[in-house]
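In the form predicted alone, a lone chain appears below as structure tokens.
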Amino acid sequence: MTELGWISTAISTARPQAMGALLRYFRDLDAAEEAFQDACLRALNNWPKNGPPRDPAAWLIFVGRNSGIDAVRKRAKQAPLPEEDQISDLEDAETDIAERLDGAHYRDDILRLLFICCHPDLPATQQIAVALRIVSGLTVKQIARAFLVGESAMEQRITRAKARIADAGVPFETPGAVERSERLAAVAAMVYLIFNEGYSTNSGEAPARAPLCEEAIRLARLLLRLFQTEPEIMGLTALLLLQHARAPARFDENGEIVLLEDQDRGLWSRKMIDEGLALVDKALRHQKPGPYQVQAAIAALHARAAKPEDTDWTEIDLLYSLLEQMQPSPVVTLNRAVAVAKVRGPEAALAMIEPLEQRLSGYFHFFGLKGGLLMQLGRGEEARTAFDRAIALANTAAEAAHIRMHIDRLMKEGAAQGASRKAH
């Protein structure tokens, strides 16, 4: 690794911890970010000459805090500094910084930093953008590219989000056990949002949006290091790994979607699968099941199947039934219907999803599945109607192309049946 390479890696790794501590000191997102950036510039000047510090995060926090206080002095010119409790909630960093970093304080710092990014007042897209900018350190250009928007539009989105955060009044005191649990759940949901933003894409956009999946996995691993005994965080991390492991096989050479049962499983990342399976097993041993663990267990059954026909659809049906109880949702029932079709046939699956049509009237996957089930039952005209609706709702060109493939198959089957009738 080059000299700049190791410095970049060290700064990137230390960023969440350093930003979290600086946010606690200054209680202002912009001030914390400016202090961190100044510390990074000093690191680029200092570290190549003096070598890496023993603890890069502690170095960046200490230098960033001093830099931030200097900035407060300059802005105030000769005016007195604000009261200490306005810029720091603890005593001077020089006397107890090691104690702070060695204790559990840093865990709440990082959790707070992530938590303010997923404030409920922020739309999901702003939550993701702010987290990627503040916590992950991606540039506005990188985030804009991932979201397929212009830099100026993304800059405005992040600025608006930070203004809302500033007005939100997020508490800076160390949270109690209940609040910490609530924050952790909100942060886990945001990490999953980041992953899905990268995962729900087409082949043309995949290279630009793949970093979102990778960053979500990095954040999940960070949470796992902070909360090592939380089975739901194990489940979340496992779920992301097992889903992302299939990325190389999700599209064919023409950019068309490849369904799970048709994917070349030799292209799946064995390393990610092994890590994900180990986490699933570890989480389930805690016997405290949660939604992420159940979803990860479903993904694990797919990953363990060497061939599509080896998939344990009965167990998947049972797991989706459990997920329906934990997290009632028409989308969960729709996903369960896929397993039901495998276990009890398309008629039972169709009966399961038909009551969902009103609630899922704008959902592409509902009509795609409905069309597929109707096609299996030989109800071609009804299948064609469902597929047409799916095309109208398609989010990507790849989704629309996948449905057109089914329609082409229906037309060929219809033509073959017509030819057969004429022959007789």
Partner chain sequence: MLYAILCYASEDVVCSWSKEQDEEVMTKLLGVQEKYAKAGRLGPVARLLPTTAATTLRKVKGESIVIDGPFAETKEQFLGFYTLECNDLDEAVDFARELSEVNPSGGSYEIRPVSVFNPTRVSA
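Bear in mind the structure is a predicted one, so any value in this text is a computation, not a measurement. Positions refer to the first chain, counted from 1.
Absent from the display: the form predicted in complex with its partner chain. The rest refers to it.
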Exercise. Only one of 223-231, 297-305, 159-167, 311-319 gets a heavy atom within 4.5 Å of its partner chain in the predicted bound form; which is it?
Worked result: 223-231
For this session: Could you check which residue among L279, L212, V340, V191 gets a heavy atom within 4.5 Å of its partner chain in the predicted bound form?
Result: L279
Problem set entry | Sole residue of H119, R218, R183, R246 within 4.5 Å of its partner chain in the predicted bound form, by heavy atom | R218
Exercise. Using heavy atoms and a 4.5 Å limit, would one call D274 a contact residue for its partner chain in the predicted bound form?
Worked result: yes
Exercise. Taking 4.5 angstroms as the cut-off for heavy atoms, does E34 touch its partner chain in the predicted bound form?
Worked result: no
Exercise. Can any non-hydrogen atom of R344 be found within 4.5 angstroms of its partner chain in the predicted bound form?
Worked result: no
Exercise. How about K74: is it within 4.5 Å of its partner chain in the predicted bound form, going by heavy atoms?
Worked result: no
Exercise. Relative to its partner chain in the predicted bound form, which residues of 118-156 have a heavy atom no more than 4.5 Å away?
Worked result: none
